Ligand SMILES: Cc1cc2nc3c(=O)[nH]c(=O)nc-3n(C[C@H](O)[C@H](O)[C@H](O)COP(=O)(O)OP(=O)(O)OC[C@H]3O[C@@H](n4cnc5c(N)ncnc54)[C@H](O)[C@@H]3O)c2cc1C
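Next comes just one chain, in structure tokens: the form predicted alone.
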């Protein structure tokens, strides 16, 4: 069947005007934030109901057409890229918070609900949705679930997985499954809900999600501390965790701060220049808590771990301190960074970072390395910035060589090649560094059970 005929069939499954084939739409909806693959979808389809999603999936099985899910397209692993003539299923019109349960503190969301939208909804109810990251204003709940998104509050609240009470999914066969039915306790065999969280749309599409909410934190307060060296960061974390219940513990290097300062729209936290910085956050619910934070800061200074620091005294100052960390990704995007999102156990972080720094510095001394990440949960973001004298293709080719060395170190420490961004296409060839051959075989068998014709986001996680 010709592409024109396929598109006409697709149009019959949804409302008028909800299939796009113009070049601008194909380019916009066929990619995510990665720049490694050129988008080349057949069409973009916008379902508005679960029934329409099922119809699209059943049609795709009949016609052997591959489908790629599209949310906010803020991913960093090319999991939402359509590079091989797939039909992109975009959930922009399935974007409502359908209901709220005040007793269970849950909200039923369609997959196109934007993360910030759910956060504001929770705030209106006097509650809190804690999964948060720089792309919260555009990422969608369905995509967050597909990648098991993490972000800046994981040390206290965990990953997206922790907040999914129940799911409705359309499998690769077109079946509608209701998973866990929002229960807290449910010991009735396999929890299929957990398989779909982090599956990147390779098993089916999330079409409805019941998300748990929490009490709102009180008087959030941040501190930015300048560390004498990276080895000092972990004792600082340990010292503060012994005294406070932290809601975040982030770090960034002096190079990251320099890029932010170069923008000129965020004030420096203090005058002292330091090689590394930690940003921590806690609830200053009483004067005693604030005093404990200051006392711990003084202890860290006495130990020589911290050279300088500042604690927020207002909501505006809290926001400004967070901008030092949250603006990094957007700021360094100008340099076409090659990103690695890697993790190890917290105890192994210092040795892990030193090993990677040494090997990249030895082989590519001209590459500028920008480190930042969620160090309180062992997640580091390694960003290699493209030199001006290298083309994008030359640069990515050199980084592919670096990747092998980096992932060998990840394997040495029993870490993960993708802490929170997913596998997609950018990490699929390196999956064996984090997963055994036996594990991968079982994962492929699970995919075959849910998606026997291989139409659901093919080429993601596993090679075609």
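For clarity, every value in this text was computed on a predicted model and none was experimentally measured. Numbering follows the first chain given and starts at 1.
Omitted from view is the form predicted together with the ligand, to which the following refers.
Peer 1: Can you work out whether residue 133 and the ligand are in contact in the predicted bound form, taking contact to mean some heavy atom pair no more than 4.5 Å apart?
Peer 2: Yes, residue 133 is a contact residue.
Peer 1: Taking the ligand as it sits in the predicted bound form, is residue 395 near enough to touch it, meaning that at least one heavy atom pair lies within 4.5 angstroms?
Peer 2: Flag for residue 395 set to no.
Peer 1: How about residue 91: is it within 4.5 Å of the ligand in the predicted bound form, going by heavy atoms?
Peer 2: Residue 91: yes, in contact with the ligand in the predicted bound form.
Peer 1: Answer yes if any heavy atom of residue 433 is within 4.5 Å of a heavy atom of the ligand in the predicted bound form; otherwise answer no.
Peer 2: Although the ligand is absent here, residue 433 would stay clear of it in the predicted bound form, with no heavy atoms inside 4.5 Å.
Peer 1: In terms of non-hydrogen atoms within 4.5 angstroms, which of the given stretches 58 to 66, 39 to 47, 418 to 426, 400 to 408 touches the ligand in the predicted bound form?
Peer 2: Of the stretches listed, the one contacting the partner is 418 to 426.
Peer 1: Out of 449 to 464, which residues reach within 4.5 Å of the ligand in the predicted bound form, heavy atoms considered?
Peer 2: Residue within 4.5 Å: 457, and no other.
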